[in-house]
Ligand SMILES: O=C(O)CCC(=O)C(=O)O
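One chain comes next, on its own, written out as structure tokens in the form predicted on its own.
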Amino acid sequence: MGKVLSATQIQHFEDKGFVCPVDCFTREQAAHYLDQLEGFEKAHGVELGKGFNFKPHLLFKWVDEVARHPKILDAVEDLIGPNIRLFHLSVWPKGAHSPAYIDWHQDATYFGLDPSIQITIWVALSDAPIESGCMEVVPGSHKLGQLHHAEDHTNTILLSKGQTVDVPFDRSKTEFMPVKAGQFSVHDTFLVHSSGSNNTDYRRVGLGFSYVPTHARCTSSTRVTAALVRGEDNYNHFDDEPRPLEDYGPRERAFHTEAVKRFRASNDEQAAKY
């Protein structure tokens, strides 16, 4: 029995590579966070989507708050231990009736972690049923290890490099991971998954948090940043990320620009291996 996950859920994660759903905060709190996100978008005339969706926890106090939510970190600790860094974070919006989708891929592909231990927590700020393009997974595929990926730069693919598994794999028995606003799902870095287009009348928005144990390192020549969100780090594999003191302040924007620059350089280095 873990802090948040039951023994059954932990076993399911080990066997199938995912757990879903897990309750986190109320629908009202989720709506508040979504209002914060969309209020910023409206005020600045931008969308936190493809091209501008990396590491928003460095820019906004409310995202940093979600990243450190005790229930989320307890679930992560149940799976990878008490010393945790937030390696990466992306915003995943899909507009109402948007054709945008994410093809079959593994999160580990361009992270370059050694060992490749990474947990993705996908937090729903609005309901994400099957109709809105929730995640679809291949249960047990995390046991396949790293599969080869190609890149598809179709505009409707939301992944930054269009990562797509390009070797045969069995997807005859997939499962969906619907989550309601305020819930989250958990999946392993090697789990093969995708998500379809949004066929509902509302915008579907989620936050994808990538957590790693502090002993994991990034093998890229570029030294990347990561936030220590729980426990201690005795390894010094990453440069620390400061918590935002004000929303979208000049200090926050400057660090965010540098952190994303390094992360993209690391991704490019890993992608060159394929």
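What you are looking at is a predicted structure, and each value in this text was computed from that prediction instead of being measured. Sequential numbering from 1, following the sequence displayed.
Same protein, other form: the form predicted together with the ligand, not shown, and the subject of what follows.
- Contact between D107 and the ligand in the model of the complex is found at the 4.5 Å heavy atom cutoff.
- By the criterion of a heavy atom within 4.5 Å, W122 is counted among the residues contacting the ligand in the model of the complex.
- Although the partner is absent here, L73 is not a contact residue: none of its heavy atoms lies within 4.5 angstroms of the ligand in the model of the complex.
- Although the partner is absent here, G133 is a contact residue: one of its heavy atoms lies within 4.5 angstroms of the ligand in the model of the complex.
- The stretch that touches the ligand in the model of the complex, counting heavy atoms within 4.5 Å, is 190 to 198, out of 166 to 174, 81 to 89, 138 to 146, 190 to 198.
- Within 4.5 Å of the ligand in the model of the complex, a heavy atom is found for not a single one of K55, H57 and V229.
- For the partner-free chain shown, nothing in 211 to 243 comes within 4.5 angstroms of the ligand in the model of the complex, judged by any non-hydrogen atom.
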